[in-house]
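For reference, the chain that follows is the form predicted alone, supplied as structure tokens.
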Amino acid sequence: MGMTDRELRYRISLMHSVGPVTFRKLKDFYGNAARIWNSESPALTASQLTEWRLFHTAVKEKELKEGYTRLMNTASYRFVIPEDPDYPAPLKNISDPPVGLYVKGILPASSKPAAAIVGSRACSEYGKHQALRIAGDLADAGVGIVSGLAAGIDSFGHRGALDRNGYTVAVLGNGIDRCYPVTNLNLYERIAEKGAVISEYPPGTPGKPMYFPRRNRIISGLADLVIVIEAKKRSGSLITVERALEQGKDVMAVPGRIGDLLSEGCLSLIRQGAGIVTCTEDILFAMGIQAEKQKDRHKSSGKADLSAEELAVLQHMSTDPVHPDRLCEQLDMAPGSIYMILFRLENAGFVRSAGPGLYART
């Protein structure tokens, strides 16, 4: 029995020097899997040809077949190729689609709208809050969230979707069987259960600096638009933006404080013409989705139900975190009263905890 396209793609995915662009050229030139594998591949570079020939040795052939058989029989993850019905259709249209995808979980339906949320690993409380809120609101509107499982904004984007029972995809820069960072293991498992964890790198592949920027094309490729929440001037998130623009995708940014290092990237994007996010409806409008005019469940009673003291405290607060002692000074109220009011406002959804001893309006 001859080699199938699936088996060839599996073998190519194991090669470090032969990537998606080279594979596409080989496919266009030779036509089918058998011809590619049996050729001497004169079009390859010297380093690529060395690895290619190494994969043709007798010992390697045995190892390859055994590895492929194990992969096909595993229940924890699978290998999908463009010919499979659940292979993400948007990825077929990018210039360098993955040779194949290792998947844990359920891939999104091609008809489901999706937005990528990316940003700083060392995000602020403001960035965390925005990522959770935006991802959650988008999930409520039926929009899937795509990100890279990195610490910071990526993680909170995934969490925001999951906390609202939404769908999310994590694109890894290492093998599908490895969670990086390891502190996100619980999040990794939640995503695999409710959405999908995917990688173009085979099981066992460690994360390398070159792999993470490369996977960003898949993040943007899966999304209808990219949202940047907090990014420094030379942030890795801007690589995702570059790939999104190459793919003809829209880019939006959440504004931050002028002079804040974590705001430089977003403000620069807005200056260059990126869409500005002032509320979730801005994103839904850009995606062509009609936002439902609904009040948050925790605010359904409205401000009319708040006491005069509660309204006074709320009016002295903003989205910037503040310590209760500061509110005591401004309102000339006892600390005990302020803390009780903040407790009630937090339960009602009007304020949130913004760090140890700090509160902010939602």
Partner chain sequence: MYSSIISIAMNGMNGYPVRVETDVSPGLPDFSMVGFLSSEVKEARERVRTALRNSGFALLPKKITVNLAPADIRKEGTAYDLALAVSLLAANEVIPQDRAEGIVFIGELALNGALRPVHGILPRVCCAKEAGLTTCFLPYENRREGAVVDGMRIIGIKDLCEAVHLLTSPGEQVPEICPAREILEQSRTYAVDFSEVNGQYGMKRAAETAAAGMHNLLLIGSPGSGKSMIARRIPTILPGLTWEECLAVSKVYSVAGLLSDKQPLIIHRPFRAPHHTISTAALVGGGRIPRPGEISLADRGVLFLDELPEFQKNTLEVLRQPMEDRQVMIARVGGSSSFPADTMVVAAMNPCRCGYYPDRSRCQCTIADVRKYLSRISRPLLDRMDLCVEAPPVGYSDFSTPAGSGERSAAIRERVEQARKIQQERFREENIFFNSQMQPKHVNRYCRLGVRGEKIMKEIFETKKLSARAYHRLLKVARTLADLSGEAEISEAHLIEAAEYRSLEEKYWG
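Predicted, not measured: the structure shown is a model, and the values here were computed from it. Numbering follows the first chain given and starts at 1. Think of the rigid core as the biggest set of C-alphas that the two forms share within 1.5 Å after superposition.
One more form of this protein exists, namely the form predicted together with its partner chain; it is left out here, but the text below deals with it.
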Give me the residue from C179, L284, C123, A192 that has a heavy atom within 4.5 Å of its partner chain in the predicted bound form. C123
Test of understanding: in the predicted bound form, would V277 fall inside 4.5 Å of its partner chain by heavy atoms? no
R326, heavy atom within 4.5 angstroms of its partner chain in the predicted bound form: yes
G336: heavy atom within 4.5 Å of its partner chain in the predicted bound form? yes
Should L261 be counted as a contact of its partner chain in the predicted bound form, where contact means heavy atoms within 4.5 Å? yes
Do heavy atoms from each of R35, N38 and Q247 fall within 4.5 Å of its partner chain in the predicted bound form? no
Listed range touching its partner chain, judged in the predicted bound form by heavy atoms within 4.5 Å, from 326 to 334, 27 to 35, 65 to 73, 49 to 57: 326 to 334
With both forms fit on the core, has I341 moved 2 Å or more by CA between the shown form and the other one? yes
Can a Cα shift of no less than 2 Å be assigned to E51 between the shown form and the other one, given superposition on the rigid core? no
